[in-house]
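A lone chain, given as C-alpha cells: the form predicted on its own.
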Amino acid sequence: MNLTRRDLARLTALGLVARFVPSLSASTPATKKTGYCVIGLGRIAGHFMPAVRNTTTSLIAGLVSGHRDKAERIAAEYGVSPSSIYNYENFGDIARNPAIDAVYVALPNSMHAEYSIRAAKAAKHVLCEKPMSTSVADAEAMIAACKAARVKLMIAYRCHYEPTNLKAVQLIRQGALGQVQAIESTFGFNIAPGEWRLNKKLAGGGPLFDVGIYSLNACRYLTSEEPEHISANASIIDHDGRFNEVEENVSWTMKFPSGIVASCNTTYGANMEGFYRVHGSKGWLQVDSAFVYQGLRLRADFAGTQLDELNPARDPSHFQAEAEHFSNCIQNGLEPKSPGEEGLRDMRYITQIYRSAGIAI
C-alpha cells in the first residue's frame, strides 16, 4: 500500500494507522527507557544500579534512602535529579514523578511487602528482591495490590535469567540425563556478628530465607515440578550470640510428584558453596557457584558426552539480564517469567520447611 503524507495524517487522526499499516507500530522501538526508583541503597542495590546503567532499555530515575547525603552522591553518579530523591516518609510522592516507571525494592526482607504495596498504590511497577516477603499473607497482599493497581510484579530471581542455569534446565528438558532421579544442593556462609540478617524482625528467619531459598527454587526450576512432601531439621551449633533469634542450620528433603527426591542444606555457620548436582538415568550434571554473581561452572557427563564450561560473564551481568527482562515486560505489556506467584510458592514451601523443623514463623 502506497500512502502519501496526507493519507498517513488522515489515518492517524482517525486512529486507523495500526489497522492499515500494522508494521509501523510493530517495528518502532521503544523510545523511552524504563525508569527505576531504587528503594534502599545497600549492598545489593550496588549491584543492580551498575547493571541498569549497562542496559539500553533502562535507567535509574529515582532513589529512596534515609540518608540524604549518601543518596545525593549516588544521584550525581547516575544522573538522577535531586528532586527525585525521596525518604521513607515522602515515598508516596513518586506517584507524581513521570520519570519513574518502576521501583526496585532492595530493603530488608520484612520491608518488602510494605514498599511493594505502597509502590503499587503509586501506580508504579514492582521489581522486588527475594525472598518476596516474610510471610505467606504478605506475599498474597503484594500480589493483590499489584493486580488492583494494574501494575506488574516481578521477583528478582536472577538465576531464571542466567545462561548457565538456563542451559542446565535445557539439558534436563531435552532428556540428556534421561530420567532425573535425585538432586543435591547447598548454599551458605559464615555470617559476621551484627548483620541485620540475624535480626528475625528484619529478616524473617535465618539462612533459609537468605541463601537456602536459592536451593529451594533451583530444585523447582530444574524439575519443573512442585514438591508434594517436605521434611526438615534445624540446629544451632555455635552458641556465640549470633543465633539468639534465627537458626544457624537448616537441612530439608523434598519429594516431587514424578518421584524425584531432593536434599538441600543451608547454613550461617560455614562457607558452603552454592551448587547443585542432578543425577539422571543417563548421567549427571553439576553447576558450581550456581547462585553467586560470577564464576559459574557447568560440568556434566551423560550418554558419552562430557561438558566442562566456565561462564566468563562477570558481575553485574545477572542483574542486567533481570532488569532488561522486566523493562521489556513493562514496555511491551508482557508478563514476567518470575511473577509474584513464583515468590508466593517459595514462601509457602519455606513455611512448610520451618514447621517441619519445629521453628515458629
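All residue numbers refer to positions in the sequence shown, first residue = 1. All values reported here derive from a predicted model rather than from experimental measurement.
Note that the form predicted together with a small molecule isn't included here; everything after this is about it.
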Report whether the minimum heavy atom distance between P131 and the small molecule in the predicted complex is within 4.5 Å. yes
Using heavy atoms and a 4.5 Å limit, would one call I44 a contact residue for the small molecule in the predicted complex? yes
Classify G40 as contacting or not contacting the small molecule in the predicted complex by the rule of any non-hydrogen atom within 4.5 angstroms, answering yes or no. yes
Going by a heavy atom distance of 4.5 Å, is V136 a contact of the small molecule in the predicted complex? no
Of the listed stretches (235-243, 104-112, 277-285, 250-258), which one has a non-hydrogen atom within 4.5 Å of the small molecule in the predicted complex? 104-112
Check each of Y221, Y161, Y86, Y214 and return the one that places a heavy atom within 4.5 angstroms of the small molecule in the predicted complex. Y214
Among the candidates L202, A99, A141, M272, the residue which, in the predicted complex, approaches the small molecule to within 4.5 Å (heavy atoms): L202
